[in-house]
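Shown next as structure tokens: one chain only, the form predicted alone.
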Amino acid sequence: MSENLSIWEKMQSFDRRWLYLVLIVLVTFGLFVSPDIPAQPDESSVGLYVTLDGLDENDTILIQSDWTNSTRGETLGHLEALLRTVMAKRIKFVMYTFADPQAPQVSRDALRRLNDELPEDKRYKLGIDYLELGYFPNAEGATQSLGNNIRTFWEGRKTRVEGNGGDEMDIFRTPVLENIQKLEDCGMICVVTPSNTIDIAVERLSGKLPICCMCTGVVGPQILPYYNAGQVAGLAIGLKGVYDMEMMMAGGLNLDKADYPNSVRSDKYSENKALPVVSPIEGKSSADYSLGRGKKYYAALNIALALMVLAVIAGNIGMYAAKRRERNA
């Protein structure tokens, strides 16, 4: 009887374990492929990179890192791109979370790994170049308090200062926050999130300082209206956002192709303003990011999606063939 079945009907009884094996093999292969994506950076990603370029080593920014390992495929790449850009420009930052007690540790691990990549004389020092303040529960209340008075919100917080014999110091006496009297004195806030904590930041902090966001592909569409309305200055969405950042970090933005062959082109602001021109990260080239997370994971993601689409199509054709055979029996 089985010999009379069509190939589509036979696929209905295909052992699903083989499908999972094919998925594992193809996705693993995708991790070792680094294709160039024939696409320009999203306008929202350019907005984020241009906002970062407007900062300098006298600025202090806030990094609200609200992700955990459940979304590391996208958000780890976001945080790494953000930190690499910030550390290359020697911008001071405060990192914390309002979302999950597990978030501080994954952020610390990422920061430690990136810090180890730097020459010893350029590594960021705790209490001097950055602060890591951990987890604060109740995102809505915490964000409101931060916006009302940053010094009151973090009053009494202390930090160990690297190279100071292990002694602790009030965070507002450190070089990171000594010139910050109110939230508006910070250069920007960037929320790295797979959830709605960016909505809370926009609701409570809009107008006080530039707000940027790096989010998963699922959350991106609900945040785009904030960007289009000007409430969010820059937005990197999903793995495409990571890849956008890597391209601009390596090649710069709107530079002369003769001198910078890997420069990225963007027509953002072209209708009423001069095109933004941003240099690449000093000492970096596109080769440094040939296996960056955006480029590395993008191929694996598309292979997995293609296999899923093919499986769905084959399954539906098989079901149609089986029902048609039943009707003709």
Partner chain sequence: MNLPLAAIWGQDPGSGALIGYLVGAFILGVVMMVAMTKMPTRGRKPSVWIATFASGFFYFLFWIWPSPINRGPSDLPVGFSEKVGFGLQDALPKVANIAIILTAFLLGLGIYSLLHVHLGRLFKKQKDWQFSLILVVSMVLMIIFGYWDWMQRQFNDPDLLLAKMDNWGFVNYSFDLLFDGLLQQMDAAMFSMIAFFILSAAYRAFRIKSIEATVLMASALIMILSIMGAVDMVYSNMIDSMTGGDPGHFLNDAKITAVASWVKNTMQVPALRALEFGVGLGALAMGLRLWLGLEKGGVS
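Positions refer to the first chain, counted from 1. Model, not experiment: these values are computed from the prediction.
The form predicted in complex with the partner chain is left out here; the points below concern that form.
Visitor: Is the partner chain in the predicted complex near all of N58, L133 and V278, within 4.5 Å of a heavy atom of each?
Guide: Checking in the predicted complex: none of N58, L133 and V278 is within 4.5 Å of the partner chain.
Visitor: Considering only heavy atoms, tell me if L114 and the partner chain come within 4.5 Å of each other in the predicted complex.
Guide: L114: no, not in contact with the partner chain in the predicted complex.
Visitor: With the partner left out of view, is Y297 within 4.5 angstroms of the partner chain in the predicted complex by any non-hydrogen atom?
Guide: Residue-level check for Y297: no, no contact with the partner chain.
Visitor: D259: heavy atom within 4.5 Å of the partner chain in the predicted complex?
Guide: Looking in the predicted complex, residue contacts with the partner chain do not include D259, since no heavy atom lies within 4.5 Å.
Visitor: Check whether E178 has any heavy atom within 4.5 Å of a heavy atom of the partner chain in the predicted complex, and answer yes or no.
Guide: Output for E178 is no: heavy atoms all beyond 4.5 Å of the partner chain.
Visitor: Just one of L224, I128, L118, M169 has a heavy atom within 4.5 Å of the partner chain in the predicted complex. Which one?
Guide: None of the others qualify; the residue that does is L224.
Visitor: Counting only heavy atoms, which residues in 83-114 are within 4.5 Å of the partner chain in the predicted complex?
Guide: In sequence order, Q102, Q105, V106, R112 come within 4.5 Å of the partner.
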